[in-house]
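Given as structure tokens, the chain that follows is alone and in the form predicted on its own.
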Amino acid sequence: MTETEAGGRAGVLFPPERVETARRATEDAAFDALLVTPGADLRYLTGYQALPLERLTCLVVPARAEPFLVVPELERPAAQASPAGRLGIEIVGFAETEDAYELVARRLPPGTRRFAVDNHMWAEKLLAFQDALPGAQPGLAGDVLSVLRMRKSAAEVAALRRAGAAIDRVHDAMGEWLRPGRTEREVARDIADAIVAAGHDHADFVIVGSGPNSASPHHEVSDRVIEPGDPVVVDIGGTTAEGYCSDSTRTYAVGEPPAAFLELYRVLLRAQTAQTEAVRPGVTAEELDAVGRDIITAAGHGEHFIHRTGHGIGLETHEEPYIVAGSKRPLEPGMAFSVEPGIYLPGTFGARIEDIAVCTETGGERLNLTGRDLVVLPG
């Protein structure tokens, strides 16, 4: 699906009122302007998946004036053809010899003293804005935009549900690729192709950790040959043409695994099931983390659960809210995040189960519906 075709659904996914909502949030945060360059924040606000070029592309949202989108003149047709072209905001092109940062500075209301930039703005662009706005103090827009982005609309949840179903189809076919005698890298190549074939625009990551490599949460892949009896952690995700991400982990066994691994997996499954069932409004992120962590700790594996329970997901694979000890953020309807406890015995084996969950008005919804019982493939 092209950007233009994806824009056909933009009336729901990228509503025009988001820019006005961001303007009000900018004013409430005591910033005079919001400056957003290519990335997930820009796409969230406008639907425009702009190329991250050395030339400036920037959505400018003054707190008390009309917003406008600055783009290189050669990118203006693409910007106008994107969902941004249907938002009713001015698209301002600039020539190759024109200073785009000075252009922005001239168009900002007089007296601009504080401006917020998206968290992923390139350092060279921030420094150029500081030169163009001498005396103005920059700040991060994360506090302004992350609060908006973490509560998904019904259309966004539907997009995440479609992404989840697509990645489920890949897990359902894992037996086609995962077998003894193949390397992790060979299996990963097949999985990456399948992620695209299943309905993603591209594969974002493929982790295939077999045997002792399954005890490394972010192992990715190697040339290790998969052996009979190996546990294999497969953590995969991609981005759909709509811009929304998938992320799901299942742990497999290629042939009969060791008895100790089966016991470890039973503990993990109990913990992850309890956590997904505990999702509901008002539960804090740290309380949800503790639901699974307490079960794993009681079974003697507390030191082997070495990462947070989960991360938010949407236009980025990792975004707010983070499900981690110390976060007292209460869950709210529309929040989407991973629930992915893991148990890892260094040098031996490990396991992880991950679903994307959405907090609803009355509880939670799992967006990944493949079975969570250990799948034992032919060895």
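A residue's number is simply how far along the shown sequence it sits, counting from 1. Predicted model, so just to flag it, every value in this text is computed and none were measured.
The following text describes the form predicted together with another copy of the chain, which does not appear among the structures shown.
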Check L140 for me: does it contact another copy of the chain in the predicted complex (non-hydrogen atoms, 4.5 angstroms)?
yes
So, E220 and another copy of the chain: in the predicted complex, are they within 4.5 Å at any heavy atom pair?
yes
Considering non-hydrogen atoms and a 4.5 Å limit, does another copy of the chain approach R113 in the predicted complex?
no
Does R169 reach another copy of the chain in the predicted complex, with heavy atoms at most 4.5 Å apart?
no
Which residue, R280, R162, R266, R185, is the contact with another copy of the chain in the predicted complex, using a 4.5 Å heavy atom cutoff?
R185
Single option in S146, T273, S216, T240 placed near another copy of the chain in the predicted complex, where near means a heavy atom within 4.5 Å
S216
Decide if the three candidate residues L53, D118 and Y322 all line another copy of the chain in the predicted complex, where lining means a heavy atom within 4.5 Å.
yes
The chain here is shown without another copy of the chain. Which stretch in 104 to 112, 171 to 179, 251 to 259, 67 to 75 comes within 4.5 angstroms of it in the predicted complex, by heavy atom distance?
67 to 75
Stretch 120 to 150 - residues with a heavy atom within 4.5 Å of another copy of the chain in the predicted complex:
H120, M121, W122, A123, E124, L126, L127, Q130, P138, G139, L140
